[in-house]
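What follows is a single chain, given as C-alpha cells, in the form predicted alone.
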Amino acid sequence: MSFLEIKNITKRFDRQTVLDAVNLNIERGELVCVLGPSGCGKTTLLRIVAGLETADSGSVFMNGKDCTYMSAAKRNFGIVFQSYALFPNMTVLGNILFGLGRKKNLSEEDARLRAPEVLRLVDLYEHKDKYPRQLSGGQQQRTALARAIALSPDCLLLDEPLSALDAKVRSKLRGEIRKIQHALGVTTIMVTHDQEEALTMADRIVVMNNAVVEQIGTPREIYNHPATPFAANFIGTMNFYNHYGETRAIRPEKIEVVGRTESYDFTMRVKSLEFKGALTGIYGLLPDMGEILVDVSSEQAEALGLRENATIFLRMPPECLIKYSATEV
C-alpha cells in the first residue's frame, strides 16, 4: 500500500474538465514533481490533495485512510504557495511561531524550542529578527518552507515554489530544498512547469497535459523513453521527422556528425549555429523533412570548422530512435 493514493480524481469547472480520472500512488519519503503547462490541471490536483478543493469524483487515501472529504485543517500537510504568503508585520521568527501556534498539543515553550531548530535547518537563524521586506526572494522562500516543515507534516505540498525567483537563485534553492527534503524524509509533491526543476529534483515525474496524466516515471525514464510525443517534446528538446510514413523522434545530442566517407543516414545543410558553452547547437534542414537540431560538443564543432550553409553528414543510431504511430502524433 502506498503512502498517498490518488484514485480516479475528476474535477470540472463549469463545462471544462480540468482533471480527468487521474490516478497516482506516492511512496513515503518520495519527492514527486507534477509537471505540465499552464492550465493542464496540476495545481487543481495539488489543491484537492491539500483539501482546498473537492473533487467531483474519485478518492484520496493517506496511509490507507480515506481523507477525500477531510478538511484541510485536519490534514497534517505543510503547504508552500507561489506567493509565500508571509505576514509582513511579523519577523521571520514570528512567522514560524505563528505557524507553530496552530498545532494542537504543542506548548508555547516547545514552539520556541522548535522554531530556532527549523531556522537553522534552512540557514535562516541569523535572519530571525528581520521582516519579510528585509529579505531576498530566496530568503522569503526559505522562510515559507521553514514555516511549513516546522509543523512536522506528513506530506509537504509545494506549488510553483521557485517561479518568482531569478534563474541563479532558483538553481541554488533547488539543491537546498532537495537536501532538506532528504534530511527530513518528508513525502513531497511539487507542482512545476519547469522541466529543469523536475529533472533535477524529483524521484519521479508526473507529466500532465489537458487534464490527464501522460506518463509517470523517473526523470531518466521519461527523458530517455517518453511514452508520448507530448512527453517527448515537453521534457528536453526532441526532433521529430517522418521516415517512410513512420514518425520518428531523437534527442539532439544523440545524433552523430560523421565524415562523408563513413556510414551516414542523412545529409543536412547548416542553417545556423548556436554556441551554448560546452555544447553547440546546429540548426539545419533535412531534405523533404524540415528543420532539425543537432547538439555536439563545442570542441567538436570547432574541429569540424562548422559554418552556415555547410553540408554535414548525420547518423541516427537505431538504439536512440523512438517511434510513434501516426495516431499518437
Partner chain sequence: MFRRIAHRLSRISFPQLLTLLCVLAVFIIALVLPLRSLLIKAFLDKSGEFAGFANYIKYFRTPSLSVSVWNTADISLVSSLFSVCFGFLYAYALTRTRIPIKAFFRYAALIPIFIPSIVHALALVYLFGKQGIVTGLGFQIELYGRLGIIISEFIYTFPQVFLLFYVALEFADGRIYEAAESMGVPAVKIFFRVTVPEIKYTVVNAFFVCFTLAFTDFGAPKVIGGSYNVLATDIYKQVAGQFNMNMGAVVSTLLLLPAVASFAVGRLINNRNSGTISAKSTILAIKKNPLRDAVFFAVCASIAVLFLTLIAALFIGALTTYYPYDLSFTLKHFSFNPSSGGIESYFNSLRMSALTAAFGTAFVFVYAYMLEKSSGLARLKKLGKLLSALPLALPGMVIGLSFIFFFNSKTNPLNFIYGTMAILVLSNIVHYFSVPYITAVSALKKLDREFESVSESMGVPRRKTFLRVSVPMSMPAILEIFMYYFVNSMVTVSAVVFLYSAKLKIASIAISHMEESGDIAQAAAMSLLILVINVLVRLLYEASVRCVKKRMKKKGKTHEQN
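Residue numbers count along the first chain shown, from 1. Values in this document were obtained by computation on a predicted structure and should not be read as measured data.
The same protein also exists as the form predicted together with the partner chain; that form is not shown, yet it is the one meant from here on.
Asker: Let me test this: is every residue among F81, P88 and L135 within 4.5 Å of the partner chain in the model of the complex, going by heavy atom positions?
Answerer: Affirmative, all three are within 4.5 Å.
Asker: Although the partner chain is absent from this view, report whether I26 comes within 4.5 Å of it in the model of the complex, heavy atoms only.
Answerer: No - in the model of the complex, heavy atoms of I26 and the partner chain never come within 4.5 Å of each other.
Asker: Considering non-hydrogen atoms and a 4.5 Å limit, does the partner chain approach M268 in the model of the complex?
Answerer: So M268 does not count as contacting the partner chain.
Asker: How about S57 - does it come within 4.5 Å of the partner chain in the model of the complex, if we only consider non-hydrogen atoms?
Answerer: It does: once the partner chain is placed as it appears in the model of the complex, S57 has a heavy atom within 4.5 Å of it.
Asker: Is it the case that R147, even though its partner is missing from this view, gets within 4.5 Å of the partner chain in the model of the complex, heavy atoms only?
Answerer: Judged by the heavy-atom cut-off of 4.5 Å, R147 is in contact with the partner chain in the model of the complex.
Asker: In the model of the complex, which of the stretches 254-262, 89-97, 186-194, 215-223 has residues with heavy atoms within 4.5 Å of the partner chain?
Answerer: Heavy-atom contact with the partner occurs in 89-97.
Asker: Identify which of A72, V169, A227, A164 has a heavy atom within 4.5 Å of the partner chain in the model of the complex; exactly one of them does.
Answerer: If I apply the 4.5 Å criterion carefully, the residue I get is A72.
Asker: For 176-201: residues with a non-hydrogen atom within 4.5 angstroms of the partner chain in the model of the complex?
Answerer: Residues within 4.5 Å: none in this stretch.
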